[in-house]
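In structure tokens, one chain follows: the form predicted on its own.
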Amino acid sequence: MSFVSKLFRRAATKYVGIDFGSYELKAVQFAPSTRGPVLEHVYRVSTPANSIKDGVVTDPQQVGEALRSLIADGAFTARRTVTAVSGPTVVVRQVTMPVMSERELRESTKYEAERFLPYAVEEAQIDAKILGKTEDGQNMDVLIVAAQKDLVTSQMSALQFGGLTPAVVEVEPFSMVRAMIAPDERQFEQNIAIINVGAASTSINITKGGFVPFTRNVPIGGNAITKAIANGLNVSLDDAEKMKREKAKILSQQDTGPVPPTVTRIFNVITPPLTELVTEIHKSLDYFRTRFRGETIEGVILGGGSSRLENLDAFLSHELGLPVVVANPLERGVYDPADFPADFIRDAGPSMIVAAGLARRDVENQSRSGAAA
């Protein structure tokens, strides 16, 4: 489901999936083949400072210039893009409405959305999807998706400055589902939490059957951990970022060997933001269980650049009481190890969960239909 795809014509074969991150701009390109999606290009560049805030591109021209470098340096061949909007103004809500036609739903969605949007409905881009009838047959479950128009238009401006053609815009959770869970997998019909730990924030999403009835964004991410190291160890943010990537580790009672003093100090100062993040994840999962009584969460997929923090998956598994796996979206396709070494696929994969899902849009259908790469 693309919540604004009706505004743009669809690309004929393949897309560049672009993730507008506050820390990095990331891009992935797949191609269809009889063997399945083939990974062709992966690249990322730093996001210009202060150019993206809460998902809104505040400096489209500067971001556009960075996108030009991204596409050129990454040797991308496609120019049509799929992007995603995210942030606190993106709303995904499952509601119950009287049974009606798709046409009637389009007319009624605006009035239904007014009940829960945190901004005026006139400022929103809204779409809806009928999920099915309820047990009584008189009502139906509907998924409503909305985002402020500024999110969409700011991305369009940046893409145009970058010499790219917008093809589809969707909301971020759907791209992550596409990246990690295929319809023929057992997990597809289970409630799976996909947690994307980005730089500025963390999105907590629960998916089942290809839909995302619950999504929430909390303002805690990798930046909070970096700032905790900088403040706690009295170092610059650049040094703190380097220490986070090279030395940060979540310690546990299973660590029986000697631990370097710096690693212990880093762990002590990052514990408060980690604890706060776990608390917010707990709140989200508990709300889902209360909102959808009888539904259980079967597992967690952990994505985002900060998911590479050593032992974060084991830490969350222990705290949440659920199995946690780190996302590997680049492995879920055909690729040449000479072009994409195993270490690169493993290390870059988690941060590419959104871009990879965007790039896979329609590619699997074309692969199944026998398209040539």
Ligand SMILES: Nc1ncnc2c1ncn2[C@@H]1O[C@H](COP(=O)(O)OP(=O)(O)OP(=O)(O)O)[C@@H](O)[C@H]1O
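Only a predicted model underlies this, so the values are computations on that prediction, with no experimental measurement involved. In case it trips you up, residue 1 is the first one in the sequence shown, and so on.
Not on display, but discussed next: the form predicted in complex with the ligand.
S.K.: Just to confirm the contact call: exactly one of 91-99, 69-77, 192-200, 175-183 touches the ligand in the predicted bound form at a 4.5 Å heavy atom cutoff, so which is it?
M.R.: Every other range fails; the passing one is 192-200.
S.K.: Of the options Leu320, Ile345, Val326, Leu309, which one has a non-hydrogen atom that comes within 4.5 Å of the ligand in the predicted bound form?
M.R.: Spelling it out, the residue with a heavy atom inside the cut-off is Leu309.
S.K.: Note which of Glu280, Glu112, Asp127, Glu241 lies within 4.5 Å of the ligand in the predicted bound form, where distance is taken over heavy atoms; exactly one does.
M.R.: The option sitting close enough to the partner is Glu241.
S.K.: Is it the case that Gly17, Glu170 and Arg332 all touch the ligand in the predicted bound form, with a non-hydrogen atom of each within 4.5 angstroms?
M.R.: Not a single residue of the candidate spot has a heavy atom within 4.5 Å of the ligand in the predicted bound form.
S.K.: Can you check whether Pro37 is within 4.5 Å of the ligand in the predicted bound form, heavy atom basis?
M.R.: Although the ligand is absent here, Pro37 would stay clear of it in the predicted bound form, with no heavy atoms inside 4.5 Å.
S.K.: Verify the contact flag for Glu24: yes if a non-hydrogen atom of it lies within 4.5 Å of a non-hydrogen atom of the ligand in the predicted bound form, no if not.
M.R.: Flag for Glu24 set to yes.
S.K.: I'd like to check something about Arg106: if you look in the predicted bound form, is any of its heavy atoms closer than or equal to 4.5 Å to a heavy atom of the ligand?
M.R.: Answer no; every heavy atom of Arg106 is more than 4.5 Å from the ligand in the predicted bound form.
S.K.: Taking heavy atoms and a 4.5 Å cut-off, does Arg245 contact the ligand in the predicted bound form?
M.R.: Looking in the predicted bound form, residue contacts with the ligand include Arg245, since a heavy atom lies within 4.5 Å.
S.K.: So which bits of 288-306 sit within 4.5 Å of the ligand in the predicted bound form, heavy atoms only?
M.R.: Heavy-atom contacts to the ligand in the predicted bound form: Gly304, Gly305, Ser306.
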